[in-house]
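Following this are structure 1 and structure 2, which are two forms of one protein chain, each written alone as structure tokens.
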Structure 1
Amino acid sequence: MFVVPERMIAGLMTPEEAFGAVEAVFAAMAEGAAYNFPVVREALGEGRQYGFKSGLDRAGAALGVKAGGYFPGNAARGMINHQSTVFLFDPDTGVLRAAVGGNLLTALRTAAASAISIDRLARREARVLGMVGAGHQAVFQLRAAARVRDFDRVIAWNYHPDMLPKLGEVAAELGLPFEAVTLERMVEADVIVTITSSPAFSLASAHVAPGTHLACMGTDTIGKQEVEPALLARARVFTDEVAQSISIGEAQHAIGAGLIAAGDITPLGAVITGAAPGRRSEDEITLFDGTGVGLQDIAVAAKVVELARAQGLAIEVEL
């Protein structure tokens, strides 16, 4: 088997490779050639969360699982709180093929999903990017969004305003003017990315202008919420996977309130394959509920193993 440790990922994986790998697996999911297994997520106590995201991609000949979670005591030990590892198996034999550091890959595959949604669903002439959230993932989200649209400024809001300057530095690196704003001013945005761990919504329907595309990326478990449920009723809703969207994604709240039904939600993969229409008018609000699926992790891990092997960097070990 091959090991690609966390320290190697930054030198191997690019946002472009992540975009391509995630787009291909979303299409395979829509075609029924790839599917995710039910997510396992358990509370370990003291705020620790541990779980598995897994799936099979027949098209890409990949089978695997991402194991990991959130360990809030890590920061005090000099480690990041989110820790994960991806294991890849031979889909024909079940033999373990690779163990891959999953921390940076998680950020890259999550940002790729959001960027794919912006690429496919936002208005071509979108100019103002709104960011709600300013934590670890937000900087990856900002960079990825800036790759797919020609934004001329970034406006941002965060529950903890002291975190915003770091996001502003990334905007400056990208040459984009950056302004911290109130939630009410999010109506100026053409694209809004939400990436928080909020337990209650911040962004209300009234904060969103017609024609906006939203990538709601923070809600990946029961009880998190970023946007007002009425916004989902007003929008056309897309997702990575409907089963996750209605149970652990942003749509869990609008579904629970009876505002939308599972049948109202379109897999983004169906837009990629052409089976479903994307944006239909300049005025409609499109909302991507990005819940994060195991197949995204498997797709980027398989790509990184391919790159590491091609460069002679993958560490071969006998199990």
Structure 2
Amino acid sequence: MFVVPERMIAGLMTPEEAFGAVEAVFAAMAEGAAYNFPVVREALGEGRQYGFKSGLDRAGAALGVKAGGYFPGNAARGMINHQSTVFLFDPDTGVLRAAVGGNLLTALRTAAASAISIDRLARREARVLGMVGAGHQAVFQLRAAARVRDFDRVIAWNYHPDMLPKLGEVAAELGLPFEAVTLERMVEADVIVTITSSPAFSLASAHVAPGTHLACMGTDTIGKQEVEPALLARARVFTDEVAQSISIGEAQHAIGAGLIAAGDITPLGAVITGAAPGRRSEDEITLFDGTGVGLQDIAVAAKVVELARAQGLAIEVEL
């Protein structure tokens, strides 16, 4: 088997490679060639979460599982809160093929999914990017969004305003003016990315203007919530996987309130393959409920193993 440790990922996996891998697996899911297994997740107390996301991609000949979770005490230890490892198996024999560091890959695949939704659903002339959240993954989201649209400026809000300057530094690197704003001023944004880990929504329906595209990327557990359920009722809702969207994603709250039904949610992969339309008008609000599926992790991990082997960097070990 091959090992690609966390320290190698940054030198191997580019945002462009992540975008291509995630877009391909979304299409495979829509065509029935790839599917996710049920998520296993356990609360360990004190905000810690541990679990498994797994799936089979027949089109990509990949079978695997990501093990890990969220450990909020890590920041005080000088570590990121999200910790994970991806294990890849031969889908024909079950033999373990590779173990891959999953921390940076998780951030890259999450940002790639968001960027794919912006690329496919946001208005072409979108010029103002709104960011709700300024944690570890927010900088990846900002960079990925800027690759698919020519934004003129960035506005941002965070529950802890002292975290916003770091996001502003990234915007400056991209040549984009940056401003910290109130949530009410999110109506100025053409695209809004939410990337928080809150148990209660911050972005209300009144904060979103007609024609906006939203990429809601933070809700991946029962009880989490980033936006007001009424916003989903105003929008056309897309997702990575409907089953996760209605159970652990942002849609869980709108579904529970009876505002939308599972049949109202469209897999983003269906837009990629042409089986479903994307944006239908300039005034339509589109919302991508990015729950983070195991197949995304498997796709980017398989790609990084391919790149590591091609460059002679993968560490081969015997079990």
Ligand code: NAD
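Here, residue number means position along structure 1's sequence, counting from 1. These numbers come from a predicted model, not from an experiment. Only the largest set of C-alpha atoms that superpose within 1.5 Å between the two forms is called the rigid core.
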For this session: Go through 1 and 2 and tell me the one that is the form predicted on its own.
Result: 2
Exercise. Core-aligned, does residue 263 move its Cα 2 Å or more between structure 1 and structure 2?
Worked result: no
Problem set entry | residue 47 C-alpha relocation of at least 2 Å between structure 1 and structure 2, rigid core basis | yes
